[in-house]
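In the block that follows, a single chain appears as structure tokens, in the form predicted alone.
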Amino acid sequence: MSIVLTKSFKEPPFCKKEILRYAGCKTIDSNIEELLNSCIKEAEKRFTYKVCYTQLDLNISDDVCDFGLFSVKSEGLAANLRNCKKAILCGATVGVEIDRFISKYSRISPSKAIMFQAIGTERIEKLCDAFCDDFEKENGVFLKPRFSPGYSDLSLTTQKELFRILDCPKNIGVSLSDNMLMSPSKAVTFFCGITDSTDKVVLNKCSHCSKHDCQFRGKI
């Protein structure tokens, strides 16, 4: 088995613009801004930013990605990792507290529940960005865009292999249900191809996803 490393991060700055985008706010008035500020104030310092990861050799043949410990067939993942000889497999979470906020306010304030959902999504994205930035700096490499089970044609059942290898329950406190849902809910697993500066391909992470009508789809 490969060596799985763990890492904790300090709380990254909150990006209000991203939170509002995830909340589906197309227009912003003083009430929404007050709601957002109130939720951030309540949530800050309540998250735990944890990551576990491992590095594996990679061989790609057509649309089959062979990581040595397992292989997966996915045209989208193969395209994303093309020309990489190594990849990292990663699991990340911001902890269970956000689920408690969402559950609490779902009963008493739906608008707050929506805002906390958005905050949780922004937090996990910020954590993954921080991890990838640190990995690049510490190792002198570049990473391809993150690619998670459920993107494009990569089956959600790939979660089973990632959890088996990373041991997410032990290393970051994230469990996987029979229907591939993670708990805490604000958690992700993903692949990242490792490349050098001459092979760096700047892609939006949505570029291999076939869900073109997604409200969160980034610019490509």
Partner chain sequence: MNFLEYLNSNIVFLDGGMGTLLQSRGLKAGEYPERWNITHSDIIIDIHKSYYDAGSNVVCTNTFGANILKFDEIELEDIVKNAIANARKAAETSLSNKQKFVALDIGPSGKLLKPLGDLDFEDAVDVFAKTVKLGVKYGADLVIIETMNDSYETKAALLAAKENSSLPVIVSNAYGEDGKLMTGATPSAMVALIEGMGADALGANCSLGPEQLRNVAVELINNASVPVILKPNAGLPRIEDGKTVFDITPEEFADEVCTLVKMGVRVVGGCCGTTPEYIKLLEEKIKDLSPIPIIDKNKTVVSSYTHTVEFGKQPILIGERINPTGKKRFKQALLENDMDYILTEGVNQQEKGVHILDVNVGLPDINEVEMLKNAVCELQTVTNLPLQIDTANPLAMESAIRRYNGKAMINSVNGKKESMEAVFPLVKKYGGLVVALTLDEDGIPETAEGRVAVAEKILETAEVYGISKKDIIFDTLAMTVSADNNAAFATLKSLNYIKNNIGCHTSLGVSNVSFGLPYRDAINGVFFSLCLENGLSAAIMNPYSADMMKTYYAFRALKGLDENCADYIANSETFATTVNTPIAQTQKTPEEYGSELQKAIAKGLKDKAADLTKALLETIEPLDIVNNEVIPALNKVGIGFENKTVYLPQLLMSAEAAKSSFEVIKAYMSNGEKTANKGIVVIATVHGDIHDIGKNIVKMLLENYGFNVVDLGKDVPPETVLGKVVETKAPLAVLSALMTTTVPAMEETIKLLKNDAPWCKVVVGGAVLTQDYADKINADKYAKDAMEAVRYAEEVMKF
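Residue numbers count along the first chain shown, from 1. Values in this document were obtained by computation on a predicted structure and should not be read as measured data.
Just so you know, the form predicted together with the partner chain exists too; it's not on screen, but the next bit is about it.
May I ask whether Lys16, Asn37 and Ser148 all come within 4.5 angstroms of the partner chain in the predicted bound form, judged by heavy atoms?
Not one of the three qualifies.
Within 4.5 Å, heavy atoms only, one stretch in 122-130, 138-146, 73-81, 98-106 touches the partner chain in the predicted bound form. Which?
Correct option: 98-106.
Evaluate Asp178 for contact with the partner chain in the predicted bound form, applying a 4.5 angstroms cut-off between non-hydrogen atoms, and reply yes or no.
So Asp178 counts as contacting the partner chain.
Are any of the heavy atoms in Thr27 no more than 4.5 Å from a heavy atom of the partner chain in the predicted bound form?
Thr27: yes, in contact with the partner chain in the predicted bound form.
With the partner left out here, check for me: in the predicted bound form, does some heavy atom of Leu156 sit within 4.5 Å of the partner chain?
Yes.
Contact between Ile172 and the partner chain in the predicted bound form at 4.5 Å, heavy atoms?
Result yes; Ile172 sits at the interface with the partner chain in the predicted bound form.
At a 4.5 angstroms cut-off on non-hydrogen atoms, which residues of 68-94 are near the partner chain in the predicted bound form? List them in order.
The stretch touches the partner through Leu69 alone.
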